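One chain is shown next in structure tokens, namely the form predicted on its own.
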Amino acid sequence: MRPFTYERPATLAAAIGILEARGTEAIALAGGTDLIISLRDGSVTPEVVVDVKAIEDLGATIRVDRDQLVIGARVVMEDIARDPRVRRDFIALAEAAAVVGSVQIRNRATLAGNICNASPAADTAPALLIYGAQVVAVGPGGTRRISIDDFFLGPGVCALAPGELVTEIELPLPAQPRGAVHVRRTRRRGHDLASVTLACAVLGDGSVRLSYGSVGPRPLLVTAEATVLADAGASAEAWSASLEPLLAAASPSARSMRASPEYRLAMLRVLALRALDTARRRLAEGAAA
């Protein structure tokens, strides 16, 4: 591991000041579950690591604020997976958080860190996309909100400007009934990265929101209004035909060691059909959102 300077600011302003002053030489540490690995293998070599875990302004709670659920930047995956409000209104996010790494990792890894790492295989990204999340970022220029669909730019690259930190993730509370689910395919049980990760929501008005990752340079969101995919009585052939255009943007890399492009594309279709079936059933049962 290359030597670096360690900073542990107590305030958000101090952290932003360090990040702005040091630019690309500095990197923020929240849970550290991705960063520590990258530091050890030399894939990132910062001059300064800025530990933000002690900053009170980076909330460590989940709260309802008017018409949205707000998840603080220091909230860990285990808390998200267990929170009754998340499980009631954002079940796909709870399911995604529950499969991030091992239980030890889930008690350290934060949702904010997971999206800032911007891995195409991030488990929580598809769920955040189907729910229309917004990322709240604070930096030298003040506060701004970034649609989660605009936040992911490419492998390891997000839309944060120099000196910015994520303070919260906002999820609009459901305005209509919906059923949703998160599914994934890995090589083995446990903390393996997913070969395909997918989240799906079927809404009461017949529209479908589908998001998938690990099959391109960033997780993708596709939507369809009044589609046969929401119709539990449609034929398997009709579902498959309607699904194909929604999966057309998938472009898995041939360089991945986890699975071939052909396998990923085949499993993407299988998982999408399974997810749609579960989401339709949950919508009908009113069991999840």
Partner chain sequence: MIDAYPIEVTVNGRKRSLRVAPHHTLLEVLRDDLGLTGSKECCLVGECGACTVMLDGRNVDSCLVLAVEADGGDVTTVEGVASGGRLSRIQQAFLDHGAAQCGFCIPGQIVSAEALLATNPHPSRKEVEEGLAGNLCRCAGYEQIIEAVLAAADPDAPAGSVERAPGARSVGSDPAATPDARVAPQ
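Positions refer to the first chain, counted from 1. Because the structure is a prediction, the values reported are computed rather than measured.
A second form of this protein, the form predicted in complex with its partner chain, is not displayed here; the remarks below concern that form.
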Option touching its partner chain, based on a heavy atom within 4.5 Å in the predicted bound form, out of D79, D89, E95, E170: D79
Location of its partner chain contact in the predicted bound form, chosen stretch of 224 to 232, 243 to 251, 25 to 33, 260 to 268 [non-hydrogen atom, 4.5 Å]: 25 to 33
Contact test in the predicted bound form: S207 vs its partner chain, heavy atoms, 4.5 Å: no
Its partner chain contact at Q104 in the predicted bound form, heavy atom, 4.5 Å: yes
Non-hydrogen atom contact G286 with its partner chain in the predicted bound form at 4.5 angstroms: no
Contact test in the predicted bound form: R40 vs its partner chain, heavy atoms, 4.5 Å: yes
Members of 1 to 29 lying within 4.5 angstroms of its partner chain, judged by heavy atom, in the predicted bound form: M1, R2, P3, F4, T5, Y6, R8, L29
